[in-house]
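A single chain comes next, written as structure tokens; it is the form predicted alone.
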């Protein structure tokens, strides 16, 4: 699939999202920014980027704290806002003196409205990709969907992309709107906000930000300028045509790619589109909880069967699975581009410099040839 083209599925999601509102642009004077945040706290829990030591993380913003927009990207993606790293699902007691012993009871959660401020367009797009897994005709994950439905996504356009960003060739971009309810752009002494959905309109009204602005040109010029700064690219056009079994069986290529991997799982934990999880029971005394935790296909025990057999017992097999899932299986199954938004986090944080851009290019070149191997 052409990575520069918004496919039909994307159009359907955007049109569905915007069906109840007409796009409009609102001006927010920065002098009124914190006043608006205070008003928003009456209706929303606010979450935004906060600097801790050298890095920015998404944190809930207490009274008097504004999001810190002086950042390139957060160290961990915003997926944890909808999909926590560890999440209690059920609780139970083993104490037979209790009336409800041995009964699983759903843990109460706070699904009150919340708004994430300053999410980058790539992270918002990633939420839409992950939704393809958690919201299907056959299965709808209630925990993920309740959290998603309670969240308003207020994006911050990316005017200074990182050197490792390759979003424009991964079906995204610095001003991408998919998955967002509002898109903010910094315009000197003000923010200009493009209101994209009904949720976004309600958010703006709650803040008292209603002053219209003629700033469409600001978004167009900002988008062009930001995209020109992105020099890192990937090739994806031939991935769909690649022979899956032959690509999977190219041991020489996968040996080269996986050689330095230490199976630390960093790539999967920082990735905004990785969705794998494990279910664990934690018992203390006679009280227990059933939890869902992020898991990683890079961990040696990820696919261990109860028999002790492990179908992916080598790191080559695990590395191959990660990249085949993101760059081939996902492409074939969903026809929604690659399972990557080009945020560059895994490129920056891999301790042994395995680079998804190189892997994607190798796999794409494989799709363009009848050969059974691709030279690095």
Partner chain sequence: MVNYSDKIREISKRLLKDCKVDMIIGFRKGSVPMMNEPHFARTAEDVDELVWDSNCGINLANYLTDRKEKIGVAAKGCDSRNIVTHILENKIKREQLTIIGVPCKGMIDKRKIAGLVEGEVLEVTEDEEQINVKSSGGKKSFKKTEVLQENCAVCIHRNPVVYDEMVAEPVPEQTDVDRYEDVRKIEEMDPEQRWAYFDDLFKECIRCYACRNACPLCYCPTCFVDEAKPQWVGKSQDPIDIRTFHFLRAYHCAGRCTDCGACQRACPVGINMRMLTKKLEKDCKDLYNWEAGLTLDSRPPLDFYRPDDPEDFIK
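Positions refer to the first chain, counted from 1. If you're wondering where the values come from, they're calculated on a predicted model, not measured in any experiment.
Keep in mind that the form predicted in complex with its partner chain is missing from the display, and what follows is about it.
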Region of this chain that lies against its partner chain in the model of the complex, out of 110 to 118, 199 to 207, 96 to 104, 279 to 287 [heavy atom, 4.5 Å]: 279 to 287
Among the candidates 241, 136, 260, 224, the residue which, in the model of the complex, approaches its partner chain to within 4.5 Å (heavy atoms): 260
334, 69, 57, 33 - the one with a heavy atom within 4.5 Å of its partner chain in the model of the complex: 57
4.5 Å heavy atom contact, residue 349 and its partner chain in the model of the complex: yes
Residue 360 within 4.5 Å of its partner chain in the model of the complex, heavy atoms: no
4.5 Å heavy atom contact, residue 148 to its partner chain in the model of the complex: no
Residue contact check: residue 273 to its partner chain in the model of the complex, 4.5 Å heavy atom: no
In the model of the complex: members of 162 to 189 within 4.5 Å of its partner chain, any heavy atom: 162, 163, 164
